[in-house]
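Starting off, we have a lone chain in the form predicted alone, written out as structure tokens.
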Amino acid sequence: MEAGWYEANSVSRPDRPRLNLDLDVDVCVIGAGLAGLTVAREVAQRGWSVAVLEAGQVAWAASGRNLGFVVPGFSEHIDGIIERVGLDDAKQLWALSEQGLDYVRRTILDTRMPGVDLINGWLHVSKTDNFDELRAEVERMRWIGADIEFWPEERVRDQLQSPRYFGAVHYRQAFHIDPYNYALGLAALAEKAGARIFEETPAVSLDPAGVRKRIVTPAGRVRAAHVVLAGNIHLGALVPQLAATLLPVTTFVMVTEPIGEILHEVVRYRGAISDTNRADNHYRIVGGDRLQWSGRMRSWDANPRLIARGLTSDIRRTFPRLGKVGIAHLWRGTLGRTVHRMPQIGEIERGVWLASGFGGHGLNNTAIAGELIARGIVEGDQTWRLFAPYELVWAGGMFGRVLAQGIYWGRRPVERIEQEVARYRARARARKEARLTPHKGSG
């Protein structure tokens, strides 16, 4: 059951060679995930020579294993961004995050990319009756330029028939896609523009000194004026000091067996859905009548089969009408999260660029990173400096992982209590309204 869903529904992919010779190029990109592929495409389209080195295969890691949500913003909340960089820069950063959505959408539609299955909308649902808080959030977000709307409880429960749900924030410009096919499509577009992609070609060492950087692989070497490190948490062996700035966060994704028509009665909304700011739960309908469901964070590796029962119980608790659901595919994906919860984008030393730490917002932020870094390299554009206040910070090693896991586990019981209180209040209101409603024939 490990992975399988995306691969079973993927477009055809070519066999790409290992690097077995010496190359001299303008730009060497290390990592063929979404960030690296976007950099390669954008640089190649501007007429510069590009080589991409991938230790595995295109999109084998988080880029091809995530849930496929293309949503605005960052892992850090907008209030924290405003506090850190000020209102004007926060507005610019938010605008960039929405430009990331536009880039992905435009790339898919303009190139008629196959197999991506773009569906509009993202609904962020609350499991507590915090209506005033949600309305205030909508107003704050609109103030910085977000295209969102408040959904009251009645509208939410019409679309998602769950007793656990109250109000929601609807992001109208967000959407969801098949991320693996999108990554394969990006690779094809990068190659069409002139980039060369080498698979099964790990970068063994990097010498960043001098005008021409030197990258050594098992069977060949690359010299380049610029190097882009786009390997995220998998850069550990090559540049351990950078990998140490990321906290690995593993989440688990499953696709159910076909559920049938009852799924469309219970889940009427066709966009992406989240009912948390943390790991649990994010889901969407795929394959006609299946649920793709994600949650259950771990800060270390864990066997997905050990998580399966928890995921299915989350579905049953959220949508009891669905009954027991079977699991067709189950896999894990590990992302890199920074301490400040913002991506690492920019030039870290002369000719060495970093695109990393996207923290669960990879589809829009990798698009931002790819475009900003390409413009920085070729055109000298300095927009990437908006991310400069978010410097490289040590993530705490094993202690950081244990702390993050403890916070997640410790917060879940508190959230459960808050949700139970909210449902108790809702039931009490319903009973009160029933008592006050005149019965037919009375009076």
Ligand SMILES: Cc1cc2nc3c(=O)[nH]c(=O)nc-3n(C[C@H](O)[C@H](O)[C@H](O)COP(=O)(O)OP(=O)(O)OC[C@H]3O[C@@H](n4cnc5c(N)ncnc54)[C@H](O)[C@@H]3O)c2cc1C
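The shown structure was predicted, so the numbers you read here are calculated from the model rather than taken from an experiment. Numbering starts at 1 and follows the sequence shown.
Keep in mind that the form predicted together with this ligand is not shown, yet the notes after this line are about it.
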Students should find that, of 338, 318, 201, 97, the residue having a non-hydrogen atom no more than 4.5 angstroms from this ligand in the model of the complex is 201
Only hit among 62, 44, 377, 51 for heavy atom within 4.5 Å of this ligand in the model of the complex is 62
Of 166 to 174, 257 to 265, 223 to 231, 105 to 113, the segment with heavy atoms within 4.5 Å of this ligand in the model of the complex is residues 223 to 231
Checklist line | Triplet 55, 67 and 366 all within 4.5 Å of this ligand in the model of the complex via a heavy atom | finding: yes
Margin query: Under a 4.5 Å heavy atom criterion, is residue 30 part of the interface with this ligand in the model of the complex?
Written below: yes
Note to self: Taking this ligand as it sits in the model of the complex, is residue 162 in contact with it (heavy atom to heavy atom, 4.5 Å or less)?
What the structure shows: no
Problem set entry | Non-hydrogen atom contact residue 362 with this ligand in the model of the complex at 4.5 angstroms | yes
Check your understanding: How about residue 238: is it within 4.5 Å of this ligand in the model of the complex, going by heavy atoms?
Key -> yes
